[in-house]
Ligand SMILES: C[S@@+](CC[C@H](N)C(=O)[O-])C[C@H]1O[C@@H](n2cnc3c(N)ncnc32)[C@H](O)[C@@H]1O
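As a starting point, one isolated chain is supplied in structure tokens, in the form predicted alone.
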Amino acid sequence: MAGQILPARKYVMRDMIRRELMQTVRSDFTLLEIGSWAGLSTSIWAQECQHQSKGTVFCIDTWEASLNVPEIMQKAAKRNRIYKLFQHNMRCSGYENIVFPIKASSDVMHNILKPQSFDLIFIDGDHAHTQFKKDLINYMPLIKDKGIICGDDLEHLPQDIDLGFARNHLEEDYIEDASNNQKYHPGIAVAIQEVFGSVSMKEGFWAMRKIGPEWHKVAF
């Protein structure tokens, strides 16, 4: 349970950060991750930043499991195993100099960080609707113009699911709609629909680009 990103999704994430880094001439590309767990997604960003010799990754996480996740994850977090594993993974991968963990609540940190200060923000914290939507709204102002906000675990676009069924399970982490055999994270799908209507998505990874005051889909 320490690494839960599907292989196909990893390639989408890697291709996107590679493209974003290649298109910028600045060396101060800044990336913020909300929810890092053991550092699998962190390593995807850091590997490409290191390869292109540009970019810094900041990670906000309490490293304490949410109540709606599997019990095995809750037990590991209570024993502080996950934060130690995150540190171990960054150290052994050689990313310590470009990855900076911030052990704090996302609810606190958005008030401390400066608006329009990140080129990319990846949201993968609590999947329950209330917290995910809060993170989404709180961190959108921190994106620079032409920057990207993105996330994990959008298995189906909002228009492709039964939103009524999803709304009955908003605070659950992961559900199955037996009527159509769809499995997905309801809180994320509904919050995306409420905030953006629709987003660009590939292999469960979603993204939107800020251009002026508006948000636009990203070409994968």
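The first residue of the shown sequence is 1; numbering continues from there. Here the structure is a predicted model, which is why all the values come from computation and not from measurement.
The protein also exists as the form predicted in complex with this ligand; that form is not presented, and the subsequent description refers to it.
The closest heavy atom approach of D61 to this ligand in the predicted complex falls within 4.5 Å. Within 4.5 Å of any heavy atom of this ligand in the predicted complex lies no heavy atom of N89. Residue contact check for Q193: none of its heavy atoms lie within 4.5 Å of this ligand in the predicted complex. At least one heavy atom of S66 is located within 4.5 Å of this ligand in the predicted complex. Of the listed positions (P186, G55, G151, G35), a single one reaches within 4.5 angstroms of this ligand by any non-hydrogen atom in the predicted complex, namely G35. For the options T130, Q74, S105, S117, the residue carrying a heavy atom within 4.5 angstroms of this ligand in the predicted complex is S105.
The candidate stretches are 175-183, 23-31, 37-45, 160-168, and the one lying within 4.5 Å of this ligand in the predicted complex by heavy atoms is 37-45. Using a 4.5 Å cut-off on any heavy atom, the residues of 118-141 that reach this ligand in the predicted complex are, in sequence order, F122, D124, G125, D126, H127, Q131.
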